[in-house]
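The chain that follows stands alone, in the form predicted alone, written as structure tokens.
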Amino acid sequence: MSGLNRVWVVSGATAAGVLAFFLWSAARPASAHAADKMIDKAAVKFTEDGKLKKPTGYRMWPFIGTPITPNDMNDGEAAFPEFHIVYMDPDSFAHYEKTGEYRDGTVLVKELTSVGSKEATSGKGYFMGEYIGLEVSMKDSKRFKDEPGNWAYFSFGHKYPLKESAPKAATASCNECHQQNAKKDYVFTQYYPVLRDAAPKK
């Protein structure tokens, strides 16, 4: 085989490989591309004065549960009458699957939606309405070393438009309730079957 032919064969193989890569990349679902981008980014960011910036992309994170305590079942005075859609950052979820523990740096995002219709073709019930709020809890032993369990809580509001950044909530407003009632490490794991199933089985 001449030198020219050998170069042509190598170049052809290289071109085929490049073409195959682009075909594979183009065929991947859009959600896969978005997930790749999310994994490359830090889960949360802070302002220079220590406020938490409103997170983005969290709807691509692992979903862990949707608790609701509707007004209808609490004499019209439920403390949290909204749906709470809860997500965990991907790295922390992967760590939880391996260890059953919430790692330092765990971020939980709680997105609030109103109760919409109470009747559907499937029957009577509670069905999600509109997005109305956003809250975040984060475990960080360096940044929140003085908080119980090193957990801090942030609220971006319970109506739109949401705040672009939020200060850490006072310990008494959230942390004490989690400390007294959460089953595991300040997280209401007892209400999240996704986490219970993901933890290593002993």
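Values in this document were obtained by computation on a predicted structure and should not be read as measured data. All residue numbers refer to positions in the sequence shown, first residue = 1.
The same protein also has a form predicted in complex with heme C (HEC), omitted here; what follows describes it.
Shown alone, this chain has one stretch from 106-114, 90-98, 123-131, 70-78 that lies within 4.5 Å of heme C (HEC) in the predicted complex by heavy atoms: 106-114. Residue contact check for Trp61: none of its heavy atoms lie within 4.5 Å of heme C (HEC) in the predicted complex.
Within 4.5 Å of some heavy atom of heme C (HEC) in the predicted complex lies at least one heavy atom of Ser173. In the predicted complex, Glu147 stays away from heme C (HEC), with no heavy atom inside 4.5 Å. In the predicted complex, heme C (HEC) stays beyond 4.5 Å of every heavy atom belonging to Leu162. Looking at 182-202, the residues that come within 4.5 Å of heme C (HEC) in the predicted complex, counting any heavy atom, are Tyr186, Val187, Phe188, Tyr191, Tyr192.
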